[in-house]
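Heads up, the chain below is alone and in the form predicted alone; it's given as structure tokens.
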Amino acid sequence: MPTTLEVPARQGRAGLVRRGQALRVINTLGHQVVDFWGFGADDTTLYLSMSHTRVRAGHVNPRAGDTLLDSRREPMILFESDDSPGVHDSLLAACDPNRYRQFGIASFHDSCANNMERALAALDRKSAICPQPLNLWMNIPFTAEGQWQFREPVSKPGAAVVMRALVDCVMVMSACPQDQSSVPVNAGKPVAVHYQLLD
């Protein structure tokens, strides 16, 4: 049995995933969004690119079976499986300190951008930018007029996705700390999620 590790509520974690290995990300309680990134194992200027992936996939959000591309349009990660309803987001930027200042929060507030930086630093790595993440389980439906809406996740407790590395890479996860009532993407209650490294 693979070891199950925790991404604590409002925090981030990263792991080196070798080519052929996979990361299983588990939405333990079902209502938590996870911002997900991939970076080159030895070159963080190479990163998982949602914009390039959308062009290749032909649809807005990745689905099980899709190949996710890096910033040079090369295959990086296989979105191998998904036992949730498949509602994710690939358009919205990670929350960051500026986002919370715009909410009127003057003091420090955890953010996915900060979580990404700290998670990479724990592996002695850093990135000059915070790329667009794949927002796992983030429910952002569109109206007929093209306006998006913030909704609670529709996944169930224990829902999981499997991301298989097609090259050596660092996979980063942030248990999104968004807790503002106007943006109920975590049902207003950020919680921990879990993950496993699979062969």
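Note that the rigid core is defined as the largest set of C-alphas that superpose within 1.5 Å between two forms. Predicted model only: the values in this text are computed from it and were never measured. Numbering starts at 1 and follows the sequence shown.
This protein has a second form, the form predicted in complex with a further copy of the same chain, left out of what is shown; the following refers to that one.
Asks: Since only the chain is shown here, I'm wondering whether Gln102 would be in contact with a further copy of the same chain in the predicted complex (any heavy atom pair within 4.5 Å).
Replies: Within the cut-off, so yes.
Asks: Residue-level contact is defined here as any heavy atom of the residue lying within 4.5 Å of a further copy of the same chain in the predicted complex; does Ile129 satisfy this criterion?
Replies: Answer yes; at least one heavy atom of Ile129 falls within 4.5 Å of a further copy of the same chain in the predicted complex.
Asks: With heavy atoms only and a cut-off of 4.5 Å, decide whether Asp83 touches a further copy of the same chain in the predicted complex.
Replies: The answer is no: Asp83 has no heavy atom within 4.5 Å of a further copy of the same chain.
Asks: Is Arg151 close enough to touch a further copy of the same chain in the predicted complex, meaning at least one heavy atom pair within 4.5 Å?
Replies: No, Arg151 is distant from the partner.
Asks: Using a 4.5 Å heavy atom cut-off, which stretch among 152-160, 165-173, 54-62, 28-36 contacts a further copy of the same chain in the predicted complex?
Replies: Result of the contact check: 54-62.
Asks: In the predicted complex, do Thr45, Ala93 and Gly146 all reach within 4.5 Å of a further copy of the same chain through at least one heavy atom apiece?
Replies: Affirmative, all three are within 4.5 Å.
Asks: Any chance the CA of Gln149 moves 2 angstroms or more between the shown form and the other one, core superposed?
Replies: False for Gln149: its C-alpha shift is below 2 Å.
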